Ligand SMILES: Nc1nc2c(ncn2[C@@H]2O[C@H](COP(=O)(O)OP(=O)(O)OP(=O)(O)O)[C@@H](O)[C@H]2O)c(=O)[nH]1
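Here's a solo chain for you in structure tokens, the form predicted on its own.
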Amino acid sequence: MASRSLSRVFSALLEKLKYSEFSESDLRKIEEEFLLLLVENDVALEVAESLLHQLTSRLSQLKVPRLSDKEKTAYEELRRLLTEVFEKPPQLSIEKDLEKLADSYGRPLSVVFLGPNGHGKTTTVAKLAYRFSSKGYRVVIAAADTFRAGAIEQLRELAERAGAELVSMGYGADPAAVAYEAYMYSARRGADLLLVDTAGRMHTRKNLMEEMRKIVRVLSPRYRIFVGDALVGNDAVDQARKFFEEVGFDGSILTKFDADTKGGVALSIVYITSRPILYVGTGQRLQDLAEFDYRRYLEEILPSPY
């Protein structure tokens, strides 16, 4: 994984708290000093403000002996606070749902992917298709981006490489109709998993969001997943907020996570949406997709000083 510069900010914060008296005036100054540093490392402003305020509020209420290890106390409180952010959302797993598919949800389990163009949505669909087809599941992909030039051809090639079947109705077709036809096709063929690729043309946001809502209404998918590019920083957070407010989603996938040297995007998206990150992109190959481990992520951004 890439080195996260957010870890240096947290290390500096702990060092500062080490010599603090945990008084309200000291803690307020520290909040002001570190707010911008967190924002510069892709922690959304509202998230940075809230986390700093919660941390200093907790520290100000502690009865800390004069000669105690304040850095350790501050580390434990910050670690507890960040852990709460990632443990608050429901813990979801496509893997586990597929294992109990026949008993719980019927066939196929459907997943709709949301997010702006250029964030790696189509490639991520193919990576998930490869992940599950490699495990013996029968996977169908719906080409519901019927607007972007070359989208269907790109998806057809990726689906073939991933060992999945593709359902397409051509350019200009109603995306919701494509999703429904793909679902019926999957049911007839006994497919296990249906992955629906969608458009993401943000310059026609109102129409796009209505299109996404229509797909969700028609398909009633088990999962709605937002796909964001970790390298675009707070732009990814802003897009996640827009899709979450207007369409809603159950979890996120962050692409290019291995190249994200700052580290604040994952923290911000989970904090703002209260929805988990399910997977992260770790490279360009179809097999370069990993389940997100928040404990490992916390070790990266908040390494223990002990």
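Numbers for residues come from their place in the sequence shown, where the first is 1. What you see is a predicted model, and the numbers here were worked out from it, not measured in a lab.
One more form of this protein, predicted in complex with this ligand, exists but is not displayed; see below.
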item: Segment that reaches this ligand in the predicted bound form - one of 56 to 64, 23 to 31, 243 to 251, 256 to 264, heavy atoms within 4.5 Å; value: 256 to 264
item: Single option in G118, G136, G190, G172 placed near this ligand in the predicted bound form, where near means a heavy atom within 4.5 Å; value: G118
item: Partner-contacting position among S110, T122, S168, T73 - heavy atom within 4.5 Å of this ligand in the predicted bound form; value: T122
item: Any non-hydrogen atom of R224 within 4.5 angstroms of this ligand in the predicted bound form; value: no
item: P89: touches this ligand in the predicted bound form, heavy atom cutoff 4.5 angstroms; value: no
item: Exercise: R148 in contact with this ligand in the predicted bound form, heavy atom 4.5 Å; value: yes
item: Partner contact for Q287 in the predicted bound form: this ligand, 4.5 angstroms, heavy atom; value: no
item: Residues in 275 to 306 close to this ligand in the predicted bound form, defined by a heavy atom within 4.5 Å, in order; value: G281, T282, G283, Q284
